[in-house]
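Shown next as structure tokens: one chain only, the form predicted on its own.
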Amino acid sequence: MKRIAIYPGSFDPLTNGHLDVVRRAAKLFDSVIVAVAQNESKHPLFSLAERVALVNKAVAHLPNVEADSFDGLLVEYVAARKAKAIVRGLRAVSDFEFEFQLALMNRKLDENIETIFMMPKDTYTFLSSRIVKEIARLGGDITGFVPANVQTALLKKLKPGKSDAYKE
């Protein structure tokens, strides 16, 4: 039986920290699906289709990784994709409490699905999509923070110097 894991998130945009977790998960599972969440309440900068395309291009070199999107309960999506594990990235202790609550709730909803917590390399623990967008908006160099295709898309999307170019 194939070991399939789901790595869910908004990925607005995908960072090198996310990509590091994807690479690590790809070594542990036969298949990893980066599941981009439809969550309009977060007011994403990139559309759902754009985020899926950006992830797909960034993971194209990993043969057992693909991007997809989902809406609704994560455990229902996990079951529909016949996965047995949810991968969640932890950057700091502050992430743990929220992620732990989510993992326990998911276990209550479907006891057959496990949650695996993975930490990115220490060089990426400070990274967040929100911080990367802010640096890009203010004209800072994001080269080391996101894959090249994401950097290109982010710089096209944002217009540094215009206060209304970025809304969270």
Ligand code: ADP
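Since the structure is predicted, the reported quantities are computational estimates derived from the model, not experimental observations. Sequential numbering from 1, following the sequence displayed.
Although it is not shown, the form predicted in complex with the ligand is what the next lines describe.
Chemist: Quick check on this chain: which one of 114, 50, 99, 66 has a heavy atom within 4.5 Å of the ligand in the predicted bound form?
Modeler: Checking each option against the ligand in the predicted bound form, the one that comes within 4.5 Å is 99.
Chemist: Look at the stretches 134-142, 104-112, 58-66, 117-125 and give the one with heavy atoms within 4.5 Å of the ligand in the predicted bound form.
Modeler: Single hit among the candidates: 117-125.
Chemist: How about residue 76: is it within 4.5 Å of the ligand in the predicted bound form, going by heavy atoms?
Modeler: Heavy-atom contact with the ligand at 4.5 Å: absent for residue 76.
Chemist: Residue 150: heavy atom within 4.5 Å of the ligand in the predicted bound form?
Modeler: Taking the distances in the predicted bound form, the answer for residue 150 is no, it never comes within 4.5 Å of the ligand.
Chemist: Test of understanding: in the predicted bound form, would residue 27 fall inside 4.5 Å of the ligand by heavy atoms?
Modeler: Contact with the ligand, no.
Chemist: Considering only heavy atoms, tell me if residue 43 and the ligand come within 4.5 Å of each other in the predicted bound form.
Modeler: No, residue 43 sits far enough from the ligand in the predicted bound form that none of its heavy atoms falls within 4.5 Å.
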